[in-house]
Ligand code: GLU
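Coming up is one lone chain in structure tokens, specifically the form predicted alone.
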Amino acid sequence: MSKVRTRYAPSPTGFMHVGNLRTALYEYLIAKSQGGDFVLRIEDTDQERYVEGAVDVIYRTLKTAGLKHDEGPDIGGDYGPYVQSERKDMYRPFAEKLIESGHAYRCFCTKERLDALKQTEEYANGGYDRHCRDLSKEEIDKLLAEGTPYVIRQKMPLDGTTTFTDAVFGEITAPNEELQDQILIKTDGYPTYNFANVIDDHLMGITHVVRGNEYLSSTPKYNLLYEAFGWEIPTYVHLPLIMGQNEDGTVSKLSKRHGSTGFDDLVKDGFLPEAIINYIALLGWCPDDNTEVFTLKELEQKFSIDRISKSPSVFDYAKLEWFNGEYIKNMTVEQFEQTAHEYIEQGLGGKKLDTVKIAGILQQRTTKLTQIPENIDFFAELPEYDAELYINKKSKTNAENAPVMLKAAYDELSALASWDHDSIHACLIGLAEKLGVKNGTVMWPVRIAAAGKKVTPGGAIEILDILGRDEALARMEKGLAKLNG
């Protein structure tokens, strides 16, 4: 068997959609699971859709996602160039060869004629009437001599069927009469996507072609090209659609109305690249056991084409958030602090506090990094809050005992020789024991005074420790004034 070679061939037309990213991931995993090569090729032949900076987005996304390519425009390889526009002169000779063999023809139809064709009932949805398919040699020579612009079209068989086998969907047969005479070379000399990727895949030795199942209907056209050249047909792997959940419970193709659909946008939403990759891997593929959390290295070892599903997958943002939380929990506190540092700093608003300690109280309670600033903003500034917050049934605090508990805690804490977690812990636990009340009856009013919020990451002890003696006691004084006012 030849070495497995897959290629990711995006067009530089904007952001990286999760569907494109999943295709790249599966191509990467198919190659790596079989000791093969993963190739990056930039398909920029559609100059009208080219977006400035989009190539950089492709490089950055693959790097951030950990999908390292073995060959590509930036690192070279034995099959370059890896940018289609730099391969422009390679394609026409292949198209000319198809004309010679009777598998293609020159089409001289003007834009005006083609536009008029679209106005007819038969061709309202596109297509071509094969007007130039059977021009005589004399007519063709005359038009060429006059310099009439033309495209080169593939000459499809008018009857019979074309059958191909897909690794996911099995054997598929299409009637040839339904196949349009597609354009191979445009008037500007550039190849169309459908032609260029067949030529490039063959010349680059690609063994497995992976793409979305929306390309299933185009595959017979590709097969006819391979057969016309007498080339070996690659293994086709068509992937199921990724759907989004609509408000009414129905599903439709994933789009921005469902939420973020681009890799960069998901990262901006507070999701970790590793969690995104792990989750996307499971959108259309399942392992042979119940494992859900995988590192990329583990996916490389576990992945197999035969576990790819035919059924569409629904992108579940809540499930992605669960994955994200699991990845966060599995970090060391130091790793989490580094990952979350900018969000912690944002929440602190310039205030200098121990960010590792803050990371420590956040880690088990964070499922998205973007939650962090709002969850810790009380450290930057004590919010305005109502004295009602001191009343808590579970902690057995009420309007009468809250000021008593807070004053007792303030007095005990003020007398501490050292201000650290263990000292504060011993002080407040000891106070509850001395007063004969539940720990929560002491802790609740202290935490409300220190944070001014009902829900906080970390309890009273952690918050007091992070705030430091002066700030913590000053906030407790304000709390007492509020309760006694």
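Residue numbers run from 1 along the displayed sequence. These numbers come from a predicted model, not from an experiment.
What comes next is about the form predicted in complex with glutamic acid (GLU), which does not appear here.
Problem - Residue stretch of 68-76, 302-310, 204-212, 368-376 approaching glutamic acid (GLU) in the predicted complex, non-hydrogen atom distance within 4.5 Å - result: The contacting stretch here is 204-212.
Problem - Interface membership of Gly19, glutamic acid (GLU) in the predicted complex, 4.5 Å heavy atom rule - result: Gly19: no, not in contact with glutamic acid (GLU) in the predicted complex.
Exercise for the section: May I ask you to state whether Ile461 is within 4.5 Å of glutamic acid (GLU) in the predicted complex, using heavy atom distances? Expected result: So Ile461 does not count as contacting glutamic acid (GLU).
Handout entry: Touches glutamic acid (GLU) in the predicted complex: Glu43 (any heavy atom, 4.5 Å)
Key = Taking the distances in the predicted complex, the answer for Glu43 is yes, it comes within 4.5 Å of glutamic acid (GLU).
Exercise for the section: Answer for Phe108 alone: is it within 4.5 Å of glutamic acid (GLU) in the predicted complex, judged on heavy atom distances? Expected result: Taking the distances in the predicted complex, the answer for Phe108 is no, it never comes within 4.5 Å of glutamic acid (GLU).
Practice task
Using heavy atoms only and a 4.5 Å cut-off, determine which of Trp231, Phe169, Tyr128, Tyr193 is in contact with glutamic acid (GLU) in the predicted complex.
Solution key: Looking at Trp231, Phe169, Tyr128, Tyr193 one by one, just Tyr193 meets the 4.5 Å heavy-atom criterion.
Handout entry: in the predicted complex, residues of 5-33 near glutamic acid (GLU) [heavy atom within 4.5 Å]
Key = Contacts from 5-33: Arg7, Ala9, Pro10, Ser11.
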